[in-house]
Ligand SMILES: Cc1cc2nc3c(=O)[nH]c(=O)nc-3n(C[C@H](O)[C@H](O)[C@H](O)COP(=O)(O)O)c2cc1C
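Take a look at this single chain in structure tokens; it is the form predicted on its own.
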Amino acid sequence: METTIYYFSGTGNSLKIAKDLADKFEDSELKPIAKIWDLENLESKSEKIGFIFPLYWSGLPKIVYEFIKKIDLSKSNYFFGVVTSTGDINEQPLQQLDRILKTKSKRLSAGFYINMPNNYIIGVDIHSEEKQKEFFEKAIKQVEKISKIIKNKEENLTQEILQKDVKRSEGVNKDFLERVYESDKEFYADDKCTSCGICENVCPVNNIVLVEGKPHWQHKCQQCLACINFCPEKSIQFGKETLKTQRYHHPEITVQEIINQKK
């Protein structure tokens, strides 16, 4: 393959971008990070490598961070990252990618941000359907521009971007990476739970098991919020933070596609 795109997605935003971008290339493949991140001897042989993922606490999701550190990229020469976000944009995730790649004697060639609807519903409600539509329409145009840059192997990252002071963001993300596994202690299922098992199935890291028909979290959470957003009964809650918030997943991404990330 000329281009391989590795993606991570909890509620479909990053998966939608990854699918649309892959469709722009004649010789490309999509690989879900959740399916392969814990395998031994990870290696990529494509000329161009892309990483598409959501912004988590000012930086990389832990699963993405660990995956990129682990994979052998010695046979690849062009690297790009696409970060989906609700608008909280900073240079930190691109700097993280570049630093990891430099430990492998590589560097990040291009980086992009695409704003998508909010799915982090812990205390912050989702965007209106009208606003979601605006995000989607703008994303289509952005993907078109990004695909042209990648096809031509252009570089769009200046030293100003890669060396900008992001100490505050570094601290926020470092704390997140250290604590995220235990962050699931506030999750629970209320009386509306029907024991359907969707939460167990959509969890990309198998962090949920049903015990007597109720979900139990196993403290290896990634905070992707797939479980809470895909629950058909809106039964799963996070403390009191989500009692008044609605749920969101990308309307063009099915629950089965999220489940297939790890199969």
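The shown structure was predicted, so the numbers you read here are calculated from the model rather than taken from an experiment. Note that residue numbering begins at 1 and tracks the sequence as displayed.
Beyond what is shown, the protein has a form predicted together with the named molecule; the following relates to that form.
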item: Interface residue in the predicted bound form among F79, Y120, F187, F112, criterion: non-hydrogen atom within 4.5 angstroms of the named molecule; value: Y120
item: Residue (of A34, C231, L225, I49) lying close to the named molecule in the predicted bound form, criterion heavy atoms within 4.5 Å; value: L225
item: Interface membership of G87, the named molecule in the predicted bound form, 4.5 Å heavy atom rule; value: yes
item: 4.5 Å heavy atom contact, Y65 to the named molecule in the predicted bound form; value: no
item: Touches the named molecule in the predicted bound form: L55 (any heavy atom, 4.5 Å); value: yes
item: 4.5 Å heavy atom contact, M116 and the named molecule in the predicted bound form; value: yes
item: Options 34-42, 197-205, 216-224, 65-73; stretch whose heavy atom lies within 4.5 Å of the named molecule in the predicted bound form; value: 216-224
item: Interface residues of 134-157 toward the named molecule, as seen in the predicted bound form [heavy atoms, 4.5 Å]; value: none
